[in-house]
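What follows is a single chain, given as structure tokens, in the form predicted alone.
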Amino acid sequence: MTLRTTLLAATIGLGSMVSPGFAENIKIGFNVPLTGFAAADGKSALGGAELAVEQINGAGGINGDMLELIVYDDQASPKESVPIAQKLIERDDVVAGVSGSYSGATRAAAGIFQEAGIPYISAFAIHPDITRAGDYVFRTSFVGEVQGRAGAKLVGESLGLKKAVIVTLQNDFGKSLASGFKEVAGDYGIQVIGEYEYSIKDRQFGPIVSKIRADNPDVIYATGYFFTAGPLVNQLRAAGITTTVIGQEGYDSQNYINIAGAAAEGTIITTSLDRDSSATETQDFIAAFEKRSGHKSDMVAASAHTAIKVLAAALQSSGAMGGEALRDAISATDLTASTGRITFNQLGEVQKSVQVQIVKDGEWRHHSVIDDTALLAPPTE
């Protein structure tokens, strides 16, 4: 029972003694992994989304109507996200959906929302086919290949490293990042001298570590999440491999630093969140999130916060209308959020600068920014 329902029931009980003037709740669906291997990211993403809803409602909501987040645990699984999407649309009557989940689950749900004509925003899932579901689907983070290309520019141009080994997580996330890196590696004089694959269940990397030691690369471009990257980097350093490790937004969590320990020092990643940004929106988000949650902010929290803020701005400009009106309002978004300026192209993809972070003294800190508009151009079809 919602707060509005409870208050309405109480008012009816009082009869004509009270003249009710209740705000309507605008329901937003949110699929997110709260159990399973991705639960830590899911909890952080949910915290970012809830913070955005609290801030929006605290400022008066959408023309006086309150946002209500309808949350389901998708376990980062397509098998779970599809029935969840159907439930959000058919039973919960949401005006829009936001994914705080990984690529597989998001890609599966996107088609359900598209078919129903209900806008759906991917907060941080990076597979290119997500927005290709149709014109009701948007993404507020980088498509995987874009971030991979940024990684190649960082390696070959900014750092001047030329002899690379790629370590690829075998899922949508890892494959798309590695694909983008390899697509432009040659443009920056990078020679890929070794490529090694692993599964999301792997935590012991002895064979890969031995091969990398034999390869003796200048740089290791390793795709993965904090719970795979932490053990990998720890084992690389334990084997005496001091080569620079380049990661991506999947590393972007204090959990990575906690798992890898001292081995995390010097790790460089491409991501969406700059902890040292001077932008008011970013610093306000970081302060509010860390006060609310009691732990360090991360990319998934900032990205979920951004997606809800984008949706709220579009609801405001559409007059809280859903369907086509809301879709068109999202398409026309021009908003500065915690992860940067958000505008969309015709495919619903965002174009923005890539933030580069480095671990210094046990914390993520600013390293550089990649803002090559041609290199970072997202797909348009």
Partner chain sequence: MLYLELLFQGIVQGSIYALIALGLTLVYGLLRILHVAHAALFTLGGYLGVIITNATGSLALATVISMVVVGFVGMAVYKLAYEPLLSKPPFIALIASIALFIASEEIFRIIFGPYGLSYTTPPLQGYFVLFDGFFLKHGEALVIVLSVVMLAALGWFSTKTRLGVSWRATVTDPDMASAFGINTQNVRYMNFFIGSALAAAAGVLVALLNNLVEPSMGSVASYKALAIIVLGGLGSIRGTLIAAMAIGIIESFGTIYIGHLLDRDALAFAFLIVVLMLRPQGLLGAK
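Numbering follows the first chain given and starts at 1. Note that this is a predicted model, so its numbers are computed, not measured.
Only in words, not in the display: the form predicted together with the partner chain, which the text now covers.
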Within 4.5 Å of the partner chain in the model of the complex by heavy atoms, the stretch out of 101-109, 237-245, 78-86, 278-286 is 237-245
With heavy atoms only and a cut-off of 4.5 Å, decide whether V71 touches the partner chain in the model of the complex.
no
State yes or no: in the model of the complex, is some non-hydrogen atom of G206 no more than 4.5 angstroms from a non-hydrogen atom of the partner chain?
yes
Answer yes if any heavy atom of G117 is within 4.5 Å of a heavy atom of the partner chain in the model of the complex; otherwise answer no.
no
Should L159 be counted as a contact of the partner chain in the model of the complex, where contact means heavy atoms within 4.5 Å?
no
Have a look at M66, A40, A313, A325 for me and say which one sits with a heavy atom within 4.5 Å of the partner chain in the model of the complex.
A40
Have a look at T343, T336, T35, Q346 for me and say which one sits with a heavy atom within 4.5 Å of the partner chain in the model of the complex.
T35
May I ask you to list the residues of 172-205 that have any heavy atom within 4.5 angstroms of the partner chain in the model of the complex, in sequence order?
Y196, E197, S199, K201, D202, R203, Q204
